[in-house]
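Next up is one chain by itself, shown in structure tokens, the form predicted alone.
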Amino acid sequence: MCGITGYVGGRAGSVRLALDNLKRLEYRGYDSAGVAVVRPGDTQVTVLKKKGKLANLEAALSGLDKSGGTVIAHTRWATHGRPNDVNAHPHSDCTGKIALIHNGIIENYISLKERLTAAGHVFASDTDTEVLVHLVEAHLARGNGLEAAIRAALAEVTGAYAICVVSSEEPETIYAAKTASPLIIGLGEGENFLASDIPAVMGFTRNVLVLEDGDFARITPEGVTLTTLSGTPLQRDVFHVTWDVSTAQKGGYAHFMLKEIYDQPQAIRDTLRGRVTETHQVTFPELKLPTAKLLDFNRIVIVACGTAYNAGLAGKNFYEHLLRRPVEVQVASEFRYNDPIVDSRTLAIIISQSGETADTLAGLREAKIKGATTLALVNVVGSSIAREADEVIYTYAGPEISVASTKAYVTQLVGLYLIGLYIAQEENKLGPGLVADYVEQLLRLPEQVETILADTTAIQEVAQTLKDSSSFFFLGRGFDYAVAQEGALKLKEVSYIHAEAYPAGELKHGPLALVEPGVSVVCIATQSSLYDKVQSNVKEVSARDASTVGIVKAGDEGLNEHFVDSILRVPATHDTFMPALAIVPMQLLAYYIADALGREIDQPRNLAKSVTVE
């Protein structure tokens, strides 16, 4: 989940260029940062690296940022070795002529390190990555050229990697390769760029090559040569980026998280666009499988992590209600170790914002091995999950920079709703009129979210009241419980306050013992059939002197100030679609509490945006 950038070309100040691009990837990791630069005539690669955020590296540049040359840069999320200067990337070989950056995990690094140490190589760090650069050095010493040495080194390692290598022996070349970790090449004229994610290069080019597992690239100012690891030539289609570059910038908001909350109406519109006919039926023109194949299932399993998992919980409720088939939602990190009951009659829906989440990708592969039809719901075009699934549906949230996911969640919900309606429509479980009714409600969601965002005064006032709470509980039933999970996750991610979600009826089975003054409880009550039950649960909380907040539909006066201390109202829609609206005040509540507490909202401690290692 580390961030990688690179540049090869004739620009002056290429170090500054690479570091500016790296800033757009700092959400991928911020334990340390480093840069390597090599120019024609240099006898060694110049390497500078610092613990902490990229700003610490920039403060130590001492004019290096004005330098030209071939550059690779890295921002780290630590997996092997503590976050410090020594463990930061790039790593160098014993001669100082080779520098390498890496995203991923080398699983067999211990045995390789023991072998290399015995052969006389001196290691400076505790990382698995340093093994790679010494392994390249060892193969180079056997008479191989640099390219052959890199290929031979990679043939010896197991695990996940996206690597970039530079050498003073070939100062105008970057070598790159990937397996299981993302890497793209931005194509320019007389220059080329490298990055973990597309937003890093958008200021310079809209044409990119998305590398696939096993790809090996030689990048010079004149062009890119792609081969397999064994050297077989490859041809990859050039992907033209159509995103607005402003979506990767704050746009005047104090934090990316707040901007991305306000991006949600447009993100929902974009995800709906082209998938609704004039008669308000659902269509997916991008699907390739025959409809009969896609519908040939007797159960659904949803595999995801974190926020995507929480979206899956709402999807489970919707699908079971609509399709009358059993649906299971599994945390991806547990899925493949649980000996899952998956076969050729299973539809596996794989949800991931980045499309690179390691556990989710492993879950996809496990489902395919067992014969399931796999349908990916992802945000990043050309990502590993998108490429490997039998079918893919994109969520069009655009780049999401804040570690705490917001617009990805609501677009995942919309995508899940559309998939469910499409299946029900194709199986004739709903008449055209009922499908149209559902679709009309979906089409209203962007405007309804805008209504919530138009005036956040009440939410900010509640945040000020609750910011010193010792703990939070989020309560709901049915769809409200599913969205309570995401509300609790958002708060703990950015505020560092303990938060848990519970089905409201479970309160008296243990959690009520923890409710006391200083504890806050968010009660979500948007489900008509369960409303009276939630009212009863709210009374139990209020009697223990907790601070209480109710989230209800506009016009609802049943759960009023006699039951809770504060009320936040959201526009009304069909009960099954309420999660897409009820989550917005909870996102904002988490944001404003974190802001009041002075937290680092976009880059919360210990977390990274895209978890590309187990």
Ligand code: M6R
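Here the structure is a predicted model, which means the values were calculated and not measured. The first residue of the sequence shown is number 1, and the count goes up from there.
Note that the form predicted together with this ligand isn't included here; everything after this is about it.
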**Prompt:** Out of 518 to 526, 486 to 494, 275 to 283, 89 to 97, where are the residues with a heavy atom within 4.5 Å of this ligand in the model of the complex?
**Reply:** 486 to 494
**Prompt:** Does N103 make contact with this ligand in the model of the complex, using a 4.5 Å heavy atom cut-off?
**Reply:** no
**Asked** Does at least one non-hydrogen atom of T271 fall within 4.5 angstroms of this ligand in the model of the complex?
**Response** no
**Request:** Report whether the minimum heavy atom distance between Q264 and this ligand in the model of the complex is within 4.5 Å.
**Result:** no
**Message:** T307 versus this ligand, in the model of the complex: is there a non-hydrogen atom within 4.5 Å?
**Reply:** yes
**Item:** in the model of the complex, the residue from V210, V403, A386, A217 that sits within 4.5 Å of this ligand by heavy atoms
**Value:** V403
**Item:** Listed residue (S354, T411, T129, S181) with a non-hydrogen atom within 4.5 angstroms of this ligand in the model of the complex
**Value:** S354
**Prompt:** Which is it in the model of the complex for the CA atoms of V381 and W77, closer or farther than here, knowing they shift by 3 Å or more?
**Reply:** closer
**Item:** CA-CA separation of G355 and W77, closer or farther in the model of the complex than in the form shown [shift of 3 angstroms or more]
**Value:** closer
